[in-house]
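In the block that follows, a single chain appears as C-alpha cells, in the form predicted alone.
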Amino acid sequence: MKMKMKAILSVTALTLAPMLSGSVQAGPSSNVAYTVDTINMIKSADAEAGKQKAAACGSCHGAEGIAPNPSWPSLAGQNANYTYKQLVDYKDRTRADMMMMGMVMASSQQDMADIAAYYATLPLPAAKEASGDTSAADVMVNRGAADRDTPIPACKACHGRSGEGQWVGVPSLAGQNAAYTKGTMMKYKNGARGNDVYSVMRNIAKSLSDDEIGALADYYAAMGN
C-alpha cells in the first residue's frame, strides 16, 4: 500500500513539474503534506460524525452542501482530501478568511477529516446553464495553451475529463458556482490567495485573461451532476 501511494504521489509531482518553470515562491503555501498517514486518516474518517459536525456550516454552504449564495462554494461531492486541506489551511492561516478561520479554530484534525468525508458523500451540484460561449474554455480544458509565455497545461490533466478532480488534493470543479470559481481564480491571479502548492494555480491564472477565467468558470459550472 505504501509503495503504491508513493508511486501515485511521484506521478503527481511529475505531472505538475512542467507547470512550475522555476516559479516556486519562498515560504510554504500550506502545512498539509499528503503523506500515507494523512491520506489514510481522511479515507477512514467518519462521514456520519462529519454530518453532525458540519451542521454549523449549513447557513453558508447549504444543508446538503449546495451554497445558497453563488459567490460561496458548494461543498457537495468535493474531493475529501481537498476539503480537508482547505480547512487545515484556514486553521493554520495559510489561507485567509476571517469567518472560516474562526469556524475551524477549535476543530481537531479528526473533526476536519470527518467534515471533509461527509461532504464527499453528497452528490455533486446540478449542472448550471452557461451564461456565454464556452468553446474557448473547452479548448483550454482539453488542450491547454502551449503558445503562451508561460504555457498552460490542459485543465483536465489535474481536474479530470469530467471536472471531478483527478489527483490527490485537486478539487472537483463540476457544478461549482461560476461566480465562486471566477472569484477564486481572480484571487490566484492577483495574489490575494496563495495556498496552492508550488504556486501552480497562481501561475496559470496569471496567464489567463479575465474573459478566459469567466468562460472556464461557466464551463465547469455546466458540468454538474
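The first residue of the shown sequence is 1; numbering continues from there. Keep in mind it's a predicted model, so treat the numbers as computed, not measured.
The following text describes the form predicted in complex with heme C, which does not appear among the structures shown.
Against heme C in the model of the complex, the set C60, Y90 and L208 is in full contact: each member has a heavy atom within 4.5 Å. Using a 4.5 Å cutoff between non-hydrogen atoms, M99 counts as a contact of heme C in the model of the complex. When contacts are judged by a 4.5 Å heavy atom cut-off, E164 does not count as touching heme C in the model of the complex.
When heme C is considered in the model of the complex, P125 lies well away from it, no heavy atom lying within 4.5 Å.
Heme C is not shown here, and in the model of the complex it never comes within 4.5 Å of any heavy atom of A47.
Along 136 to 174, these residues reach a heavy atom to within 4.5 Å of heme C in the model of the complex: M140, I152, P153, A154, C155, C158, H159, G169, V170, P171, L173.
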